[in-house]
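A lone chain, given as structure tokens: the form predicted alone.
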Amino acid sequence: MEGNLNALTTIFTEFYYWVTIVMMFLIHVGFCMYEVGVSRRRNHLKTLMKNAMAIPLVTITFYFFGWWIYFGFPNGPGITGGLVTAPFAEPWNPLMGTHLSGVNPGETGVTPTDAALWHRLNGVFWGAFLLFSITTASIISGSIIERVRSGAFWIIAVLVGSVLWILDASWGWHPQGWMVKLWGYHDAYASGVVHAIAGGAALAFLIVLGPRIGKFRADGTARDIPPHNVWLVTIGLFLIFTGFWGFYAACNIPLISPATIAGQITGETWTATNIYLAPTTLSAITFNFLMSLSGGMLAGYIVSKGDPFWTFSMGLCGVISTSAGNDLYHPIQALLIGAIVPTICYKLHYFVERRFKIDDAVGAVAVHGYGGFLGVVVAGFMLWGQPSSPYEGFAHINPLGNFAGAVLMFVLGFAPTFVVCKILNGMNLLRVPEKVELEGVDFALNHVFEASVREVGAAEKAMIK
């Protein structure tokens, strides 16, 4: 690092992203509480472990190939250029570990430029993107509870979390991504890049998996299976809200000079930027995050007639539906979009449930999939004509580009997941047997636990004289 200012900026940026990682981990605390709260008592343990074990599986696979995909594929490849070399993101590269200096003697695969940028930042950037990856995979988890085999979910979690979402991020969430260049695609806080692709994957999974036993009556109407513990659901969703502050902050670059951006932004004043290196502020997203959350919660309270599950879920949908444009929206726009889009998603959830017999236990397809898809589409209209990038020659934000991007994101999640689920289903590896589902997926674990309790109780009684 040359000079104290550069050193201070680098160390501040490193700490900034490290804090966002810690905050984003609350999302997964929230997901675990939320899913356990929704599941029935006989399914708690498997529900918890199914979601929790996605964390190490996605972490390991994202280290080995997910991080490299983001830097290697912004051109398609074959659309605006070829495969991009990114040695600093290869798992065997010295910069993918502790590296406290420039190029060390005898070190291969490390350039002075890469060492200057990545020796302190690679781990925290990787960690922030990893938490995006785990979030994308975990979104699917809640929708399929109480009848899925854990191993089947883990396969899809790795597919979506370490391959599909990071591929679409390379295309539409990279400063040089071909969707940004050619389509003017704008999705600042991942309405499509994370949420629409996860919602598409969840829908594909649910179509192949089928509904829970007893969800639909003989006449085809749906039974309501309410959350087992609404308090756990509430606390879980509020932890997700809290973790989303870290998610939003991690989508920004906290401090960068115009010379480093090397685009059309000139002058000497350093700035914060969004993921596309276009200026924004934490103040702007604070206004819009809170207004969109409030719009979603108010709309949810009204349309669900005060149901806590949907009130808080629609609050989350309000944030998701505005995330594509929350770097540029006015707070009143964020409020209105955050109220209207979740209302549409709520109606769509029950329409799809009735018409197609889709049993989404937590409304993930509606909240994330439909909310993210519509959020990207709306941003294309609301931000029409705004620059998508600080670089000359890039398409401006426009309705067609964002609509095409939203479709691509949803389909990229849906199609590969559908194919893999079909294969797993054909091998009887997708769904637990009917007997297991009726007894509860925790049945065997509960019997071992209860037997242990009885044994200890009997031993204690024998000691009483």
Partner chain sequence: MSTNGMESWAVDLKDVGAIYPFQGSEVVMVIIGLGFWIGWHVLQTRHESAEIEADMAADRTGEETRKAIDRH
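Everything quoted here is computed from the prediction, not taken from an experiment. Numbering follows the first chain given and starts at 1.
We do not show the form predicted together with its partner chain, though everything after this point is about it.
Note on contacts: among Val352, Leu298, Ala86, Leu159, the single residue with a heavy atom within 4.5 Å of its partner chain in the predicted bound form is Leu298.
Taking Pro105, Gly393, Gly220, Gly385 one by one, only a single residue has any non-hydrogen atom within 4.5 Å of its partner chain in the predicted bound form, and it is Gly385.
With its partner chain left out of view, the stretch that reaches within 4.5 Å of it through heavy atoms in the predicted bound form is, among 161-169, 238-246, 322-330, 369-377, 322-330. By the criterion of a heavy atom within 4.5 Å, Phe381 is counted among the residues contacting its partner chain in the predicted bound form. Contact check for Gly267: a heavy atom falls within 4.5 Å of its partner chain in the predicted bound form. Contact annotation: Leu206 falls outside 4.5 Å of its partner chain in the predicted bound form, judged by heavy atom distances.
Using a 4.5 angstroms limit between non-hydrogen atoms, Leu348 is distant from its partner chain in the predicted bound form. Taking a 4.5 Å heavy atom cutoff to its partner chain in the predicted bound form, the contacting residues in 335-366 are Leu335, Leu336, Ala339.
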